[in-house]
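Only one chain is shown below, in structure tokens, and it's the form predicted on its own.
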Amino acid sequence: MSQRFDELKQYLDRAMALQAALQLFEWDDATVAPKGAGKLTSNVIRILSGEYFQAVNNEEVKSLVKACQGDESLTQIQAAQVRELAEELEKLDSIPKEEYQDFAHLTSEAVRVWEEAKEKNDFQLFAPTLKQVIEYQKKFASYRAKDGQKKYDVMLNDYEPGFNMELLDRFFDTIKKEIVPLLKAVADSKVMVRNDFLTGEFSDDQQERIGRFLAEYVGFDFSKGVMAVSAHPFTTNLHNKDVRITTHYHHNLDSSLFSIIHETGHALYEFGIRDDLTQTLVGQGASMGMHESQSRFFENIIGRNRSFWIPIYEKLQEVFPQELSEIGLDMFVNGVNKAEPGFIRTEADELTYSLHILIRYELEKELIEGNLSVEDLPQMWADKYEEYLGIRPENVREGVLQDIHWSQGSFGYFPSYALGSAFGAQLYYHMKKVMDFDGLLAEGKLEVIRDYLRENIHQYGKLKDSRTMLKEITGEDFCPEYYVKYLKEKYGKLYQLDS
């Protein structure tokens, strides 16, 4: 036993408790809190953020971390916690506490400003606040940057360690080179895919009924989790015995169906983290990209797979008899896989999705490292949508204001979505070699797939990084070609591109 680590653990426990409180406010604010609570809640968040800062960034913690780094008696989990705390300490130690608190307060307010601007379709309402958020993030990144390190690389590393602009440029160049022409080929195809039956007046009660069924069928444990409604679906975890997901109910049925499956994928990751890791600094996903690989794996590779619906499609028809009773399984599956450029990232099909991320990546780079001004964002956004997707947004609500991320200060987050899709495809091709993947889905045996992912990914939390996991599971380093292969096979078949 390490006495030094036991002393350090008291600070770690306090820090984790404060993080849990902040997460609860985030959950509450997005789900059930009254709108009028916003400003006062932002003040509470500012104070709690300062308490967290002080709990981690103090001389006693620094001394204990230094002592523990040379302690060979630490267990693997203790050493990993010390590693993560040292990284967090290095990050916080470079930022003045007052600025850290002010930024937490700013982003809490910025979300509300963004919501109002989006509702009123007025970018100018949000622009001054966005400028402040960007300036803070650039300043913080400059505090933290190692010699010669770019500010945007600092931000990227927070979400996906080991993936800098050089590596991501190559990844997105592959996406641009392969997917843009594939989308054009699909658009030129003579094959007509119907999905009109997915749009209609679906009641919230119906959507909640099928949503709870799908969440449970995929593996959500309602004895350890909660499902609620929010404007933007998300997952919050306090520990592996308290995981919370949200969804939304729209006139597009597939939107609610697949947001549920997507968030359940995130939840399964959190449920699967080992008991000896949960509520510690390593008791969370290896990275945002690996987390997204699980949510998008369940949403798309599983959820949009015909075999997944074989055992349960009749249940869907039972809940929506008027809308789906005359729609056969094949027509439904083809419909939920239809490729069609649209403006909204969260509603995008698999083929166009990473082009939405490519656009955000290129804009973020220009905002942080280039000369793009906030005032020019709407124009540049629209230009890139026209270039890559062949469509141009008519307003900022369906354009530059559609995502919450920048109001939260989450610069560097977006690439994780595309990386997650690519990680998932690489895992999929490996899993097809070691199990009858489609057969298991057709028989409703999702537990075999869940167990494999839990055993190889979920249980480890942050003990391993994403690239290490990919190498250990598949025998290969990150290989985006699997993602391209997956999309070409899927959409080539659906749109008969080889015939």
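Here, rigid core means the biggest group of C-alpha atoms that superpose within 1.5 Å across both forms. Quick caveat: nothing in here was measured; it's all calculated off a predicted structure. Residue indices: 1-based, along the sequence shown.
If you look for the form predicted in complex with another copy of the chain, you will not find it shown, but the lines that follow are about it.
Not displayed here, another copy of the chain is approached by D13 to within 4.5 Å at the level of heavy atoms in the predicted bound form. Taking non-hydrogen atoms only, L238 approaches another copy of the chain to within 4.5 angstroms in the predicted bound form. In the predicted bound form, another copy of the chain stays beyond 4.5 Å of every heavy atom belonging to S410. Interface residue remark: D28 is counted as part of the site for another copy of the chain in the predicted bound form, having a heavy atom within 4.5 Å. T41 is the sole member of T474, Q459, N57, T41 with a non-hydrogen atom within 4.5 Å of another copy of the chain in the predicted bound form. Of the candidates H405, R194, R209, K224, K224 is the one whose heavy atoms come within 4.5 Å of another copy of the chain in the predicted bound form; the others do not. Checking 303-311, 365-373, 215-223, 150-158 against another copy of the chain in the predicted bound form, the stretch whose residues place heavy atoms within 4.5 Å of it is 215-223. Site residues L18, A21 and D242 are all in contact with another copy of the chain in the predicted bound form, judged by any heavy atom within 4.5 Å. Annotation for 27-41: interface residues with another copy of the chain in the predicted bound form are W27, D28, V32, A33, P34, K35, G36, A37, L40, T41 [heavy atom within 4.5 Å].
When two forms of a protein are overlaid on their rigid core, residues whose CA moves 2 Å or more are considered shifted, and K97 is one of them between this form and the one not shown.
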